[in-house]
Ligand SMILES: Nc1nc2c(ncn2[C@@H]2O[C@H](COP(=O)(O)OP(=O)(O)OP(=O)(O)O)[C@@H](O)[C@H]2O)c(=O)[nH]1
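Here's a solo chain for you in structure tokens, the form predicted alone.
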């Protein structure tokens, strides 16, 4: 059976760490916000937009502290961990507002930042208060590893081998004999073959569940270590010899969970107060019903490890539980606003199991269609059939619609198609009926009163209000 996510000593350490953090600045409230999502779901963009909006005074009418005139200001402060790189918010913002706007680079390592908000409380006799928000960014490829905490080597191997067997050209590691005694060179060759296969799956939206272990794709300082040198194997039929490749790889798999996954969970995910889960259903829709199903299973598997539950000011002093979870469908700007309700309904279907588990644990949940940085605008085009609602933007260079290849410079008006009402509707639809393009960041930005460019958004203000608004009453 798989181990519990944390040992008792870890739980005791978490309580001690929480108490120590509360004691540093007793008059300042401190919230750890988890920005969670798979690769290319928009985590880095959300963090950048959040910091930019709060520190530069972007108008946020759906954010109650600002709408009520209680927001004083926000600024970046020293992050809590000196050994963790700082989230490069300035670099990411400059990528979006520079002379040649482009999306920030994908995250390739762990980083964090802290934000201090000053606001006026609604409480009598407390004219000004402070809220410190700690945010951690990490590669989306690492998130799926949390699902390994509930899988032993045999279960993980069965899942990966089932996906690999369906390939038109099955990879070589499938033919490995689990009872064989292999040389060091042979075991390393098996691991290299498995890693090469994993990399081919990154672009396949139907194969999300195959992308584990995540450090095989972004190994960092662990590259070449035994903890990253194994592959999925078939069951040996009976107890494998102690010197067999199956026994060796099973031990390395457990070492990977112990040395990589569990510390990652303990140090970052086990200490969250609030959580936003970003997902990209539109990209999954391009892959059809199978890709949507893979996305749903991946989100449910990873969120099983999170510590959701009811929280109150008393229990919060010694222990942390995620008492609010926001499920957000990113890239809402890639469709017309008339379809946003369907996008939220589709997201609700994808996270239905995760939502039920969270609510059973006592956490409140909400779903929202948003765009942290809006890349398109809306317009109406007259056609022979009458007026048509469209989105207008510049597709990324290399994007294709049928025979048309976009150059990354030309603005187009696009009707991407009606979203399905349910996943069952999608399953019955003709293949290729839906296709959603990726767009460049906005080339023209509005200016704030002080002359600085303001990043446009869709429902970022409502997301902030749900995640932190009640902490600022």
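Residue numbers count along the first chain shown, from 1. The structure displayed is predicted, hence computed values, not measured ones.
One more form of this protein exists, namely the form predicted in complex with the ligand; it is left out here, but the text below deals with it.
Taking non-hydrogen atoms only, residue 274 never approaches the ligand to within 4.5 angstroms in the predicted complex. The shortest heavy atom separation between residue 139 and the ligand in the predicted complex is within 4.5 Å. The shortest heavy atom separation between residue 40 and the ligand in the predicted complex is within 4.5 Å. In the predicted complex, at least one heavy atom of residue 106 sits within 4.5 Å of the ligand.
Note on contacts: among 215, 246, 334, 262, the single residue with a heavy atom within 4.5 Å of the ligand in the predicted complex is 334. Contact with the ligand in the predicted complex, defined as a heavy atom within 4.5 Å, holds for exactly one of 351, 133, 375, 211, namely 375. Proximity to the ligand in the predicted complex holds for all of 44, 371 and 396, with the criterion being a heavy atom within 4.5 Å. Note that among 353-361, 326-334, 293-301, 169-177, the stretch whose heavy atoms approach the ligand to within 4.5 Å in the predicted complex is 326-334.
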